[in-house]
Ligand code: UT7
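One chain follows as structure tokens, the form predicted alone.
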Amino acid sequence: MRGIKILGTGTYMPDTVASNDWFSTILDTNDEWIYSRTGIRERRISEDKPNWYMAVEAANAAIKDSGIDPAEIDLVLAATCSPDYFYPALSCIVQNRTGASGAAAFDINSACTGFINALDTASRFLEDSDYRNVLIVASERLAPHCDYTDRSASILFGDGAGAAVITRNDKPMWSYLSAKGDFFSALWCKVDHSRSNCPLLKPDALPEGLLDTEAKTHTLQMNGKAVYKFAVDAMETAVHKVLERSGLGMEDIDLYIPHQANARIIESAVKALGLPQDKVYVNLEKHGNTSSACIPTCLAELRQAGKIQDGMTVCLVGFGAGLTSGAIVFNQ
């Protein structure tokens, strides 16, 4: 049986707060305009701490909360779309800095759906008797990816990390994963190879439909309307699909934790699904969209507040660049 149990969670948020009022000093915007469209009041920016630092802090907090020795971790999975290095993998740095010296390690990049995919992957490893405990860390430093002259995208994103230590459970878990690569151009950030001094290199060939200009070389590009439409549909579909696989009804779920992209997206999906608002956890107002780190950060906050307890049935649902989406239902 592919069940999981959360042993511990942890999070790390940078000290620097970028409030809506701060954005009004660099862009033609204000708190009311941003909040009414996004549900965000502030987000954190990592001024000088790299992604791996945030990941290690969250991972160490999760290990401490779990009560296990780092040597008991058999696998480290890191979800990120904003690594500091092409190689080594972020997970290898986390393995080293947490003392999980006996663990295998690799990264997963499915953008904002990263934690969902990592959790699904971890559950499959736990079916193997060689794996008992898995550390999953999702960490994103998105500030360097954003264009801070573009108020449509830069106001949405923040930096941060969340982590969870999980083990096997004799209670069931179900998952649904999806990708629609034909919509990849709705949200993308290109790797810049322009600094290479190889005399044989020419400008990169680009997939059809991707307009590349000098202004788009370094920063995140997003078609807000396309992402919004996809996200609402993807959330609704993923929840229906995973519940169909589980045989459960929406009323059987104690807590829904959606990806924290935009309040309007969450509200539209919640309305379409007919979910009671008191079963849906949202922390957008103080963190913004931290991509793959959103859901584990929510888990850590809920666990710290005593709102995730043994016996609860939880639904996680996410969506992101790719365009990817997925949902997981598990019994804690």
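Note that this is a predicted model, so its numbers are computed, not measured. Residues carry their position along the shown sequence, with the first being 1.
Not pictured, yet referred to below: the form predicted together with the ligand.
- Looking at the ligand in the predicted complex, residues 225, 262 and 319 each place a heavy atom within 4.5 Å of it.
- When the ligand is considered in the predicted complex, residue 151 lines it closely, a heavy atom lying within 4.5 Å.
- Within this chain, residue 166 is remote from the site of the ligand in the predicted complex, having no heavy atom within 4.5 Å.
- For residue 69, no non-hydrogen atom is located within 4.5 Å of the ligand in the predicted complex, even though that partner is not displayed.
- The ligand in the predicted complex is not approached by residue 46, whose heavy atoms all lie more than 4.5 angstroms from it.
- The contact with the ligand in the predicted complex, taken as any heavy atom within 4.5 Å, belongs to 156 out of 189, 156, 105, 242.
- Contact annotation: of the candidates 41, 37, 64, 279, the single residue with a non-hydrogen atom within 4.5 angstroms of the ligand in the predicted complex is 37.
- With the partner omitted here, the stretch from 69-77, 225-233, 195-203, 172-180 that lies within 4.5 Å of the ligand by heavy atoms in the predicted complex is 225-233.
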